[in-house]
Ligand SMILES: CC(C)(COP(=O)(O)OP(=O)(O)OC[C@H]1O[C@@H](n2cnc3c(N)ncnc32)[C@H](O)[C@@H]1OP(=O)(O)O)[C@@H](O)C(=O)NCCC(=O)NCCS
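Have a look below at one chain only, the form predicted alone, in C-alpha coordinates format.
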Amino acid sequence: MATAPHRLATLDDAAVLFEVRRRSILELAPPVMPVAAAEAWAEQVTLARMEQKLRDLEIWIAEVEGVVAGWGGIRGDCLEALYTAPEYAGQGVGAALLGRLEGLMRDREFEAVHAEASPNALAFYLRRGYRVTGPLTPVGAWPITRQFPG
(Lines give C-alpha, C1' and ligand atoms only; values in the text may rest on other atoms or scores of the structure.)
Protein backbone atom coordinates (compact mmCIF):
# COMPACT_ATOMS: atom_id res chain seq x y z
CA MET A 1 0.00 0.00 0.00
CA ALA A 2 1.21 3.51 -0.72
CA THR A 3 1.98 5.58 2.33
CA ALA A 4 -1.21 7.06 3.72
CA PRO A 5 -0.98 10.81 4.33
CA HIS A 6 -1.27 11.91 7.94
CA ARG A 7 -3.07 14.92 9.33
CA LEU A 8 -4.01 16.30 12.72
CA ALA A 9 -7.52 15.42 13.84
CA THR A 10 -10.18 17.99 14.70
CA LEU A 11 -13.35 17.76 16.75
CA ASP A 12 -15.22 17.24 13.48
CA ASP A 13 -13.49 13.84 13.23
CA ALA A 14 -14.93 12.52 16.51
CA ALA A 15 -17.66 10.30 15.03
CA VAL A 16 -15.44 8.63 12.44
CA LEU A 17 -12.60 8.07 14.94
CA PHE A 18 -15.08 6.62 17.42
CA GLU A 19 -16.31 4.21 14.74
CA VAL A 20 -12.80 3.19 13.60
CA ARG A 21 -11.86 2.44 17.22
CA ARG A 22 -15.02 0.43 17.84
CA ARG A 23 -14.71 -1.62 14.65
CA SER A 24 -11.00 -2.16 15.15
CA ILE A 25 -11.57 -3.64 18.61
CA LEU A 26 -14.60 -5.73 17.71
CA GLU A 27 -13.17 -7.13 14.48
CA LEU A 28 -9.44 -7.40 15.19
CA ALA A 29 -9.14 -8.25 18.90
CA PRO A 30 -10.86 -11.66 18.75
CA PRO A 31 -9.65 -14.40 18.65
CA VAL A 32 -6.73 -13.19 20.81
CA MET A 33 -9.26 -12.12 23.43
CA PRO A 34 -12.78 -13.36 24.13
CA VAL A 35 -15.55 -11.59 22.21
CA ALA A 36 -17.15 -10.45 25.49
CA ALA A 37 -13.87 -8.83 26.58
CA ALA A 38 -13.55 -7.06 23.21
CA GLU A 39 -17.13 -5.80 23.49
CA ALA A 40 -16.50 -4.48 27.02
CA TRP A 41 -13.34 -2.73 25.84
CA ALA A 42 -15.10 -1.20 22.83
CA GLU A 43 -17.88 0.17 25.06
CA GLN A 44 -15.46 2.03 27.35
CA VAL A 45 -15.39 5.01 25.00
CA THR A 46 -18.56 6.86 24.10
CA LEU A 47 -18.80 9.52 21.41
CA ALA A 48 -18.62 12.19 24.14
CA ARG A 49 -15.48 10.58 25.53
CA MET A 50 -13.98 10.49 22.03
CA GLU A 51 -14.61 14.22 21.78
CA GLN A 52 -12.80 14.64 25.11
CA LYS A 53 -9.86 12.60 23.78
CA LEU A 54 -9.67 15.03 20.85
CA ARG A 55 -9.33 17.86 23.35
CA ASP A 56 -6.84 16.07 25.61
CA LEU A 57 -4.55 14.28 23.15
CA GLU A 58 -2.64 15.10 20.02
CA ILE A 59 -4.41 12.83 17.55
CA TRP A 60 -3.14 12.05 14.07
CA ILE A 61 -5.16 10.42 11.31
CA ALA A 62 -3.95 8.23 8.43
CA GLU A 63 -6.11 8.61 5.32
CA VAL A 64 -6.27 6.47 2.20
CA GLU A 65 -8.03 8.15 -0.72
CA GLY A 66 -9.85 10.46 1.72
CA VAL A 67 -10.99 7.62 4.01
CA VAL A 68 -9.80 7.38 7.62
CA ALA A 69 -7.69 4.21 7.69
CA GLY A 70 -6.37 4.64 11.22
CA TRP A 71 -5.56 7.03 13.99
CA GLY A 72 -3.28 7.40 16.96
CA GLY A 73 -2.97 9.73 19.90
CA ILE A 74 -0.05 10.89 22.02
CA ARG A 75 0.43 12.93 25.17
CA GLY A 76 4.00 13.77 26.14
CA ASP A 77 6.05 10.58 25.88
CA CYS A 78 2.98 8.32 26.00
CA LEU A 79 1.30 6.63 23.08
CA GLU A 80 -2.31 6.78 24.26
CA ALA A 81 -4.06 5.12 21.30
CA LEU A 82 -3.38 3.45 17.96
CA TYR A 83 -6.19 1.93 15.89
CA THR A 84 -6.43 0.75 12.30
CA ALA A 85 -9.71 0.28 10.46
CA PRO A 86 -10.12 -3.48 9.92
CA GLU A 87 -10.13 -3.20 6.13
CA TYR A 88 -6.63 -1.62 6.30
CA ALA A 89 -5.14 -4.00 8.90
CA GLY A 90 -1.89 -5.60 7.85
CA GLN A 91 -1.23 -3.06 5.09
CA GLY A 92 1.28 -0.86 6.93
CA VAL A 93 -1.14 1.86 7.98
CA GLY A 94 -0.63 1.28 11.70
CA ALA A 95 3.14 0.90 11.36
CA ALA A 96 3.44 4.15 9.39
CA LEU A 97 1.22 6.00 11.85
CA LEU A 98 3.25 4.66 14.77
CA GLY A 99 6.40 5.84 13.00
CA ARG A 100 4.91 9.32 12.63
CA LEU A 101 3.96 9.49 16.32
CA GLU A 102 7.34 8.16 17.46
CA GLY A 103 9.03 10.72 15.22
CA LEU A 104 7.11 13.52 16.88
CA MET A 105 8.15 12.31 20.32
CA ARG A 106 11.80 11.90 19.24
CA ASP A 107 11.77 15.43 17.77
CA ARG A 108 10.51 16.67 21.15
CA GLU A 109 13.58 15.04 22.72
CA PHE A 110 11.84 12.33 24.70
CA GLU A 111 14.17 9.40 25.42
CA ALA A 112 11.48 6.74 25.06
CA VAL A 113 7.85 6.12 24.23
CA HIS A 114 5.62 4.43 26.78
CA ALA A 115 2.32 2.70 26.11
CA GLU A 116 0.00 -0.09 27.14
CA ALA A 117 -0.57 -2.80 24.54
CA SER A 118 -3.71 -4.87 24.29
CA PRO A 119 -3.08 -8.62 23.95
CA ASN A 120 -3.98 -8.50 20.25
CA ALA A 121 -1.45 -5.71 19.57
CA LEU A 122 1.48 -6.84 21.73
CA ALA A 123 3.27 -8.75 18.93
CA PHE A 124 2.91 -5.70 16.64
CA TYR A 125 4.80 -3.55 19.16
CA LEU A 126 7.41 -6.19 20.01
CA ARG A 127 8.29 -6.46 16.30
CA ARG A 128 8.95 -2.72 16.34
CA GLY A 129 11.42 -2.71 19.21
CA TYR A 130 9.15 -2.31 22.22
CA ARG A 131 9.72 -4.38 25.34
CA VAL A 132 7.33 -5.37 28.09
CA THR A 133 8.14 -3.39 31.23
CA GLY A 134 5.73 -4.86 33.76
CA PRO A 135 3.03 -7.39 34.43
CA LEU A 136 -0.38 -7.41 32.79
CA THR A 137 -2.42 -4.52 34.22
CA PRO A 138 -5.82 -5.01 35.90
CA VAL A 139 -7.48 -3.88 32.64
CA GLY A 140 -5.61 -6.54 30.66
CA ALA A 141 -2.93 -4.43 28.95
CA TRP A 142 0.82 -4.90 28.81
CA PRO A 143 3.00 -1.92 29.82
CA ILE A 144 5.57 -1.44 27.05
CA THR A 145 8.44 0.94 26.29
CA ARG A 146 10.66 1.66 23.33
CA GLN A 147 13.90 3.52 23.92
CA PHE A 148 14.95 5.90 21.18
CA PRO A 149 18.53 5.57 19.93
CA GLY A 150 20.83 7.99 21.72
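These figures come from a predicted structure and were not determined experimentally. Residue numbers here begin at 1 and follow the sequence given.
Another form exists, predicted together with the named molecule; not displayed. Remarks below refer to it.
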| note | The stretch from 60 to 68, 105 to 113, 85 to 93, 44 to 52 that lies within 4.5 Å of the named molecule in the model of the complex, judged by heavy atoms, is 85 to 93
| Does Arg131 make contact with the named molecule in the model of the complex, using a 4.5 Å heavy atom cut-off? | no
| Partner proximity in the model of the complex: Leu28 to the named molecule, non-hydrogen atom cutoff 4.5 Å | yes
| message | Within 4.5 Å, heavy atoms only: does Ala121 come near the named molecule in the model of the complex? | response | yes
| request: Report whether the minimum heavy atom distance between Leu101 and the named molecule in the model of the complex is within 4.5 Å. | output: no
